[in-house]
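Quick setup: one chain, the form predicted on its own, written in structure tokens, and binding and motion questions come after.
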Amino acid sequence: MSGAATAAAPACYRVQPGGRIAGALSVPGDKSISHRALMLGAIAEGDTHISGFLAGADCLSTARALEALGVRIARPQETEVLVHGVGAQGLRGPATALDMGNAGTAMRLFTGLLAPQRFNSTLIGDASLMRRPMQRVVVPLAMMGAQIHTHDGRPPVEITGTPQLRAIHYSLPVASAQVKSAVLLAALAAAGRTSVTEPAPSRDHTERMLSAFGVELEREGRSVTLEGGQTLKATRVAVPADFSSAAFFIVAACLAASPSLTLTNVGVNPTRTGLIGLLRRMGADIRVRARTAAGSPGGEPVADLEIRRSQLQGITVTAAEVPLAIDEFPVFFVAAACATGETLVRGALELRVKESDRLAAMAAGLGTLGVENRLLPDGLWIRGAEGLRGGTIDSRGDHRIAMAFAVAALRASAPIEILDVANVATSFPGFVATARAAGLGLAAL
């Protein structure tokens, strides 16, 4: 795929204490939507135009994998992509294993996409991704007749193409947009009607985008159903700014805005914005100004967010609230560390199997900064501190841990050094420049 070369990633961040957050910012395009636009564009008939594309390492891994499967993809500009669709039967067998890099979303969705193909394929990734669980995707696909082999439930994921998949009715044991999406992608090539039922709402980007590509879906309660054999028609996809990337600056503004920070063109899909509800319960002043209707290209609602400095109070987060803010918990824990009183999060076991064990990583990092906390099997208890210490944080190679502790420096009394930050490029290219523009005293070393 043509495009600009990526600069070498920094090894660590050094963030000066304090700072004032102000102005208007835009953050990069939504990672989840960019992945899906590439994949659906690849198996659609015709050319799909994607604007606002996230040119981060994860999405570029998806693009390279699709090119290895015979899809022509052009990137005339950094955030503009043209996908020349090959249709439902047009993918071809790759010459080598498909490298997903650090992209767990890509690996799980590709498992569903490739299960019904007429060729075999193998999915691999970086050291972090090779440790992540994949069996929960394999289980429903195996029920459909797919032949998929993992190594003790982890990558490599070895897929024996099985064109004759059968439709199933599957109830997810845990809400997961990635598992749901993998099943729906496989269902496009299955005989009959496939239904997926969730125990709680999860991201619905796949359903919205399938509709944008002309696929008829039925939604009833927490179930979604589609008939196999439908043809995808190429379309235009406008990717909004990534809410998960905006989250770091939402919390930063809650801690130190003077007078306010505005984040523009942010995707506010209701299955993604649980953090806003949690912060508002803590007392945050967050104003959502809708820019477009929910019927915009790709079916995603978009808004500008205005955030003012607020006195936050600790809260209790229930298990039912976790799925709608799953990726935002690292920076939410920073907000909790700076709030008055105690915050308790339970039912967040999923955070232990992300790019790192995010519960353990945040507990350790907050302890370094002098924040009293208790690591629980499925969550974290935090007592808010008047101020944070400085110190050295091991991000464990996790982009969201690294960015969360950069925000924590706003309330620190001494510099914070954050190690192993190269993977920030997977989701937020340009984070350093954006953070500095917002008012953080961040330097990449």
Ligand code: S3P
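Heads up: residue numbers just count along the shown sequence, starting at 1. Small disclaimer: the values here were computed from a predicted structure and weren't measured.
The form predicted in complex with ligand S3P exists for this protein as well; it is not shown, and the discussion that follows is about that form.
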| said: Can you work out which of T105, S356, N269, T343 has a heavy atom no more than 4.5 Å from ligand S3P in the predicted complex? | reply: T105
| Interface residue in the predicted complex among L123, A175, V71, M209, criterion: non-hydrogen atom within 4.5 angstroms of ligand S3P | A175
| message | Which is the contacting stretch out of 322-330, 77-85, 140-148, 221-229, given heavy atoms within 4.5 Å of ligand S3P in the predicted complex? | response | 322-330
| field | S32, heavy atom within 4.5 angstroms of ligand S3P in the predicted complex | value | yes
